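Encoded as structure tokens, the following chain is the form predicted alone, with no partner shown.
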Amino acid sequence: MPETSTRERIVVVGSGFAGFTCASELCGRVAKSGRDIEIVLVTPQDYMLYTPLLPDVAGGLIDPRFVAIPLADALPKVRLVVASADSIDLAGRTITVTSEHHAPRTLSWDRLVLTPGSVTRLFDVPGLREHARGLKTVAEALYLREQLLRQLELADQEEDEAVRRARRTVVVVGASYAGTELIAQLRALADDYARRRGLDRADLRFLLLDTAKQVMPEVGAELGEKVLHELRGRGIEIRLETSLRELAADRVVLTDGTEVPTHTVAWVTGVTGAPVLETLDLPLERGRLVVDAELRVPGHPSVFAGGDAAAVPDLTKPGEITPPTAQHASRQGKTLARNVAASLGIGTFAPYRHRDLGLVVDLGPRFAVANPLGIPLSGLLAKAVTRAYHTLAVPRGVNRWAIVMTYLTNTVTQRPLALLGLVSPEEASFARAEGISER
């Protein structure tokens, strides 16, 4: 990678909500200033992934292409480096990047923005890494869809009743919004399969676990109860204050000692900062980089961080940090761009302060919950609000159009049930899909 340019350079690590928004906003601020500043985006993928719709991908509702925003189209003025950030020298102001197609390369920077995102938070549960899958990447979402359909088809040909029941059992760990959306969509996919193949849907078993005392505490007690009632009405078993003790290829053991035969386990229990953060020798809080209200890393005035990778102070709740949500990451991306530009003499600094717009949660056919601006909604009205929000939030017109057409098509057609075999178990593993160490 040639380093002959004398231009000032901003390097943004990560193309998630925070990094994507930051790079986009920086382009506008730099252009208005008339300064000759290079903006570089380092990311393992050449797209920005709209992760809130991954449950729809896992449920076979949306094509994965529609939730991937091509960076070359969306950020034409940004220099794209498709590689992983392997190591960062804060004192020398360099970053080493690697990819499977090139030898390690070093890139210098004048300002560094760390937005590498997050990975699934794992615990020391025997068999977890080998037999469970997460929901942070396209590979994981596609694998869960393929795994469910594969097990249902195998069950149809299985003569052993116990094995047949195990293949028709799905366990999802994590009753926050991502895990709850996932199990709702997987249940809807399985119900479509049962109806079209003449199978009694009562033969399908779906089990949702969480150590919390409430389903989806993020939406409050009132909406949480409605979610609980809706999921149980669909035949989904819910066990709170319960998790997994161990996993095997064909069964799991719960913390209460119950053994559940199954071949399909999703682990959606929350996130922690990307592994590269642990190499920086900087203070971390809950696996995320400690930053100040202006998203600067203390002691390093040329380094900024935001999104899921940063423990950003919540100025509306003193002593707390903002949760790792797409809503916060997108807004922090704008603040990052403003403050990085300000550090170069373009504009002024500003602290990150937010107004909570609420959450929207799509729970499968004809039901959703939402609390926009603190107003609790459920049912079809919440469904309309949820789908409208996600459609508008996707940062590219072509993708928005494709998603709208998909939603309209799904009102008059059934989900496709074809088993395409696109992703192997190895490709969807935590190590391959998310880059989590196998240790």
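Bear in mind the structure is a predicted one, so any value in this text is a computation, not a measurement. All residue numbers refer to positions in the sequence shown, first residue = 1.
Although it is not shown, the form predicted together with a small molecule is what the next lines describe.
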Only hit among 132, 178, 219, 291 for heavy atom within 4.5 Å of the small molecule in the predicted bound form is 178
Please pick, from 111, 167, 187, 136, the one residue with any non-hydrogen atom lying within 4.5 angstroms of the small molecule in the predicted bound form. 136
Only one of 401-409, 368-376, 42-50, 60-68 gets a heavy atom within 4.5 Å of the small molecule in the predicted bound form; which is it? 42-50
According to a 4.5 angstroms non-hydrogen atom cut-off, is residue 364 in contact with the small molecule in the predicted bound form? no
Can you tell me if residue 337 lies within 4.5 angstroms of the small molecule in the predicted bound form, counting non-hydrogen atoms only? no
Mark residue 10 yes when one of its heavy atoms lies within 4.5 Å of a heavy atom of the small molecule in the predicted bound form, and no otherwise. no
Just checking whether residue 144 would be counted as a contact of the small molecule in the predicted bound form - the rule being heavy atoms within 4.5 angstroms. no
